[in-house]
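One chain comes next, on its own, written as structure tokens: the form predicted on its own.
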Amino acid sequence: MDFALSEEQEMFRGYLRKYLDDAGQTKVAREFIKGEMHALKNSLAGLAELGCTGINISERYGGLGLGALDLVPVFEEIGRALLPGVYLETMALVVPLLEKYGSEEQKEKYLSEIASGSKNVTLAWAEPRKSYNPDEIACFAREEEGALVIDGMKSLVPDGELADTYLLLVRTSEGTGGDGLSLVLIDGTDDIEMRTQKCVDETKHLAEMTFREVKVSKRQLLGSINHGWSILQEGLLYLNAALSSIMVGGMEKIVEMSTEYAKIREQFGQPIGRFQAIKHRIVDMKLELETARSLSYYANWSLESEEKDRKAAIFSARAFTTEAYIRVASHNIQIHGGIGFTEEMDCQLYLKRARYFENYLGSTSHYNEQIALAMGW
């Protein structure tokens, strides 16, 4: 069993790293925090030119027709650079679901534009002061003369202001345990009220969206009506496998930062990297990284190969990598000493990103429960 990246995938990673290094790596995220979007738009346009927005889209819609494993280099490099945006939600959630459940009209409308880099989509799931439990979904869509009329609110929408389209989880009939929920694709419109929300990770912009009698065609339903929950759960397999890759990319950059700093920072007349306490901590960080990388590669490989244990593999990668990312980012700040938590250093940016992912679309405890369920415990 060989689930490592191929020579071609590693070569592609090299191109991406050089491109993002030239773009300034975390400089793009720092410009984004200041509200300057120019660097981000240029970076995203460059990634589209490199073919990153068409990797897992069918050739008939302008893509390359490749799989989840081919996205791994892109996600890892985006994680290294802390690149803002909704590439994750677009490519690792919406595209696989559109490919499998989208109507021909939806595929032609959305996949071609996503492949060209001119459209991106984010997920609108959570609601104010509620959890990700399906029974708490109250945003309602009623049928009226061939259309859906939506009323309700969504919150914590990842980078809502950057997205062109939203994949909305709505209730279309009464039910429990996910029954009666549907997924609807809604293009950005003035009828949707949007408010920016604060986020611990300033490189991510969350949004609260309010729908008041917003009317969309029933042709915007993704999959069958009232069956959206099961479709979303399938999409979360793709998203969590990709998310583990993003976190591995961030961890890799952190280990590099720590190692380089331990070589140049001197204390008592010698580099701090010569002290056993620092050496051991960096070795522990490296072990965390390589374990997370192996779990991530296997998760993506098992997803693409449709292995029987893919659910357990993906949720294991998500849960372990989330906690490992936080530990490694925290160690990095400790190694950097007093300057580690200052805004001038990148250390704090990675820790904030790790904390953001800690509860992104579910807590670590939730995903540990999913591992147990997937293994039949």
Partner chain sequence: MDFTITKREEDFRQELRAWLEENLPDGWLEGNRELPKEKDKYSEFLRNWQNTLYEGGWTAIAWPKKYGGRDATLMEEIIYHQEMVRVQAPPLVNYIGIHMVGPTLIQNGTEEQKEQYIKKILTGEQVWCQGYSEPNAGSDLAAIQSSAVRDGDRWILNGQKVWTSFGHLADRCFLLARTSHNSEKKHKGITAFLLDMNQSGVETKPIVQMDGRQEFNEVYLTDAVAYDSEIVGDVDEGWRVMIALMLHERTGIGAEMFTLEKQFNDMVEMAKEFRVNDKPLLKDPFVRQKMADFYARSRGSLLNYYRNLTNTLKRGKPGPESSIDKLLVSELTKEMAGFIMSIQGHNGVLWKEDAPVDTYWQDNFLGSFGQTIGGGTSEVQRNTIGERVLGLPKDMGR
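Residue numbers count along the first chain shown, from 1. The shown structure was predicted, so the numbers you read here are calculated from the model rather than taken from an experiment.
The form predicted together with the partner chain exists for this protein as well; it is not shown, and the discussion that follows is about that form.
Just one of E49, D309, E343, E36 comes within 4.5 Å of the partner chain in the predicted bound form, counting any heavy atom, and that one is D309. The contact residue chosen from T210, T259, Q220, S173 relative to the partner chain in the predicted bound form is T259, the criterion being a non-hydrogen atom within 4.5 angstroms. Listed stretches are 114 to 122, 99 to 107, 265 to 273, 197 to 205; the contact stretch with the partner chain in the predicted bound form is 265 to 273, by a heavy atom cutoff of 4.5 Å. Residue contact check for K130: none of its heavy atoms lie within 4.5 Å of the partner chain in the predicted bound form. Using a 4.5 Å cutoff between non-hydrogen atoms, L69 counts as a contact of the partner chain in the predicted bound form.
Among residues of the shown chain, K286 is one whose heavy atoms approach the partner chain to within 4.5 Å in the predicted bound form.
Shown alone here, S316 lies within 4.5 Å of the partner chain in the predicted bound form, counting heavy atoms only.
Here the marked residues L20, F75 and Y87 all miss the partner chain in the predicted bound form; none has a heavy atom within 4.5 angstroms. For the stretch 274 to 296, the set of residues having any non-hydrogen atom within 4.5 angstroms of the partner chain in the predicted bound form comprises R274, F275, Q276, K279, H280, I282, V283, D284, K286, L287, E290, T291, R293, S294, L295, in sequence order.
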